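Single chain ahead, by itself, as structure tokens, in the form predicted on its own.
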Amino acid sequence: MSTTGKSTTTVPPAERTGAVNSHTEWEALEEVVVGRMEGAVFPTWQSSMYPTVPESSWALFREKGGSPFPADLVAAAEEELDGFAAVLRDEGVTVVRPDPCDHSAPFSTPDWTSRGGLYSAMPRDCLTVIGDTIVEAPMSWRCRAHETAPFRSLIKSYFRGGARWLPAPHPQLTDELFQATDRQEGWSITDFEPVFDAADFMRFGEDIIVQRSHTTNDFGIDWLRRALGSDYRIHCLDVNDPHAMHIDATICPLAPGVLLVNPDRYRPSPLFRDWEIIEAPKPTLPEGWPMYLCSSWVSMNLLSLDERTVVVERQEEPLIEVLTQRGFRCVLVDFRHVYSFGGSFHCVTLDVRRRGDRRRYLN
């Protein structure tokens, strides 16, 4: 995998102080990374994908791993990403983008080979910002082993500007990490080594919520807990999701004390006993819409611009109505073609800077 050029958006200057500062999912957004879809390729199949991706993709990924996704769908999704970035700029947010990248290049270790990567579209999967620290996730899909490469120019610039940089131990991703069968019970990854996707974590100031999933193991959760130290409390949330992979289509904090939840997956937790719980309405995506990597519940994968403003897919009218009735301003953006590739507004962003400081929001 190799980057093919510099970002088209100016990288934050090295002399900036406080270049990275983000403690929650809802405080006023000042700067954000928005991913790219160009160069996206089908993921190279591995057994741990069985429980997480739609069954219709199993044979497709086995056959086409490393080859480009359909060009028309990629172009449509890239247009939506560009439109989303423009909307954020109109809202006063600084937007930066990763370097272009060739994801079709194969790569290997002495133990395994991947026919290509995946994409640069979902920075939330491979990176998270906790306070002034950028954390690189040790992802469990082999095809995603180098997914932070297109973001390295940005990470180095933020580091020069004063951010801390915390890469997790690079995983071996040998067969010992994965369950050997296609069974649908239990987790598809073991605790052989620490792995996690950053999108399985959600930030609430001093508290961080995480779910155990088919991409995040207990070893990975323990590693992050120790790496962050006593300044943060990490809580594991028990969810009703046998296909668990990324928590941001299960819970979505909108403001202090207000939590949007997936009614099919969320289990009441004492962590949120004093919070208003809003059940997200069912998605409106038409039956038969191409969904390669996830379910249509990415409809609740929102991005908050501040405590009263949230970006929502334009055609999710029931969700827009629920949020509007509760006093939120909804910024509407077309994003259904991005849905096809496994994410929405929260997935495709990395909020680098939000106003506010670290404080406690949970009991």
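Treat the numbers as computed from the prediction; the structure is a model and nothing was measured. All residue numbers refer to positions in the sequence shown, first residue = 1.
Not on display, but discussed next: the form predicted in complex with a small molecule.
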| message | Just to be sure I understand the contacts: of 249, 137, 224, 134, which is the one whose heavy atoms reach within 4.5 angstroms of the small molecule in the model of the complex? | response | 249
| request: Counting non-hydrogen atoms within 4.5 angstroms of the small molecule in the model of the complex, say which of 189, 245, 145, 77 makes the cut. | output: 245
| task | May I ask whether 125, 295 and 347 all come within 4.5 angstroms of the small molecule in the model of the complex, judged by heavy atoms? | result | yes
| the small molecule contact at residue 115 in the model of the complex, heavy atom, 4.5 Å | no
| said: Whether residue 212 contacts the small molecule in the model of the complex should be assessed with a 4.5 Å heavy atom distance threshold; does it? | reply: no
| query | Looking in the model of the complex, any heavy atom of residue 265 within 4.5 Å of the small molecule? | reply | yes
| request: Would you point out which of 33-41, 326-334, 56-64, 297-305 contains residues with a non-hydrogen atom within 4.5 Å of the small molecule in the model of the complex? | output: 297-305
